[in-house]
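The chain below stands alone and is given in structure tokens; this is the form predicted on its own.
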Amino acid sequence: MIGGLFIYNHKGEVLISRVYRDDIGRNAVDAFRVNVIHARQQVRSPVTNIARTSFFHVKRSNIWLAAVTKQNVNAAMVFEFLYKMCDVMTAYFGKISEENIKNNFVLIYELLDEILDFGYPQNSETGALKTFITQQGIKGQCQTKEEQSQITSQVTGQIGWRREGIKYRRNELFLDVLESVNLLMSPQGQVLSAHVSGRVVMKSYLSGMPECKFGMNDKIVIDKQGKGGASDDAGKSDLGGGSGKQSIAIDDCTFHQCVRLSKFDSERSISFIPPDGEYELMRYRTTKDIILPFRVIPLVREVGRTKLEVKVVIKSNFKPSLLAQKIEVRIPTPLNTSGVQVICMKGKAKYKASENAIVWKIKRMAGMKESQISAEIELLPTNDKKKWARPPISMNFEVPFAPSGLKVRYLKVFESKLNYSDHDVIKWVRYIGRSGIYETRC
């Protein structure tokens, strides 16, 4: 497994060093510095093999984290551990920087002692670690036997992400469906590629050890149930307006460790005991029947060799009752542009010479509307015979629905020991769709 873990600054100086196995010597530290950090050419691969030793590294701002091993290990697991280590350090002291690492080096060594045992990753859940490792060090002397037994059961038990005895006056659940829609469209309006990457983020403030069940309009579940238009949580699921789709086909998904995968595989139901506070419940990706919130129609006409006429129309494709926000359209211009005259029906448009683009911003736009911009671009004479490559027009926006068509059908909470039921829990569901790489060729 992992033979050693080293943290370097941008100069290649070692800030943190922990060796777990005898086959990793001090020369491994120098090998990584010389061959990766101080390499003449930038090293793109996150895995480097030097003298039968494998170095797995990630970089955060100007800090390098490197895991070293001489064994044939699972690379995905090593990187998952490195990313988790970054998340744990961020949760404890904020931004990962040289100054913060130097100020908290004792804390980092304490965390490494708990997270890694003889090179094998152990409990890396931040909530569990914070119960017995604080900014001041490890709590142990002043704790009662009851508190110590609770920590032991949490760390060694099956539910390491949640401690017992949590109590709230008001039990609440916040669920956010956050989606990023990516598109590449031809000038004629043909979709060349499109997919949606989504996340379900939850904040749970629930007493005790509740069991939660989360249901969505997954195509496999809906097909099993026949016509699946009914929702168990009708008041909440209406927030996903703009789609009108009965079901969606999810291509792939990953879950938080609290989700019972066996139940999902057999019943396609997402059942879990939630961590306390904020966490990412699942990630998913879909490529079929995507709702494209905007259509961009470009028209570029060359008038001789010194002038371009550009007209761009954007059309919103969702319910009129919904409002899109933070709309920004970037129209590229040639490198030899000398001046631009812009006329837009709505919003503000400005030519940015440093970015070689016309930036058109609209604060809000309702569904089933359209707006257009026209521009005359003056060009300097040039001897370059190459034609302008015409980079694609890109767009940024935010809409209050899920472009994939995902809807929360139900969100149920069960707690047998404490006297509260599913109806006593206040639930909030929000849908946010944002643009990823949303481009139209012109």
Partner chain sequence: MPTVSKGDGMRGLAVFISDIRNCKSKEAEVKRINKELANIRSKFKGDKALDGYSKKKYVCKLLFIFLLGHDIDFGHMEAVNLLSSNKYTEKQIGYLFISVLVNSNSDLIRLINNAIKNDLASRNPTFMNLALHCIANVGSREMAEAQKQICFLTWICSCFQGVVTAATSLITTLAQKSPDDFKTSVCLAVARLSRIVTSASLDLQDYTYYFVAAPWLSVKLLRLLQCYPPPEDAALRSRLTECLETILNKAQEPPKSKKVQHSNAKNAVLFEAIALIIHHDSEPNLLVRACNQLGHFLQHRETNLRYLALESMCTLASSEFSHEAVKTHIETVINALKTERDVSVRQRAVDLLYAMCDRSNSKQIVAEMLSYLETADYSIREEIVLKVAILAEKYAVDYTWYVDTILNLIRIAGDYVSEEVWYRVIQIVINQDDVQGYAAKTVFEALQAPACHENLVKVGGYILGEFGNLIAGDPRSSPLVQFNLLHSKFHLCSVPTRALLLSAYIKFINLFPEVKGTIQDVLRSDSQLRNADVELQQRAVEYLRLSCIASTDILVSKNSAKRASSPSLGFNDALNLNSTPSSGASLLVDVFTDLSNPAPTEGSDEHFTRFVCKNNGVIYENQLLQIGLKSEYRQNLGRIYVFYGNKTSTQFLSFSTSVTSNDLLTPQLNVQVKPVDPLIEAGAQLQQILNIECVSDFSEAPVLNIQFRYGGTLQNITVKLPVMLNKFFQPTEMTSQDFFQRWKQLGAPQQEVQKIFKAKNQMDTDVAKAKLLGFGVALLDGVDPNPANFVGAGIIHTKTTQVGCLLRLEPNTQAQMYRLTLRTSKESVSQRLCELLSEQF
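What you see is a predicted model, and the numbers here were worked out from it, not measured in a lab. Rigid core (definition): largest C-alpha set, two forms, superposition within 1.5 Å. Residue numbers count along the first chain shown, from 1.
Not on display, but discussed next: the form predicted in complex with the partner chain.
A heavy atom within 4.5 Å of the partner chain in the model of the complex is found for one listed residue only; from T90, T337, Q246, S97, this is T337. For the options E278, E164, E267, E355, the residue carrying a heavy atom within 4.5 angstroms of the partner chain in the model of the complex is E355. By the criterion of a heavy atom within 4.5 Å, E376 is excluded from the residues contacting the partner chain in the model of the complex. Of the heavy atoms in K412, none are within 4.5 Å of the partner chain in the model of the complex. The partner chain is not shown here, and in the model of the complex it never comes within 4.5 Å of any heavy atom of K417. For T306, a non-hydrogen atom is located within 4.5 Å of the partner chain in the model of the complex, even though that partner is not displayed. Across the options 355-363, 310-318, 208-216, 169-177, residues that bring heavy atoms within 4.5 Å of the partner chain in the model of the complex belong to 355-363.
Counting a residue when any of its non-hydrogen atoms is within 4.5 Å of the partner chain in the model of the complex, the hits in 1-34 run H10, N27. Annotation for I393: C-alpha shift under 2 angstroms between this form and the one not shown, rigid core superposed.
With the core superposed, S97 shows a C-alpha displacement of at least 2 Å between this form and the one not shown.
Superposition of the core reveals a Cα shift of 2 Å or more for E13 between this form and the one not shown.
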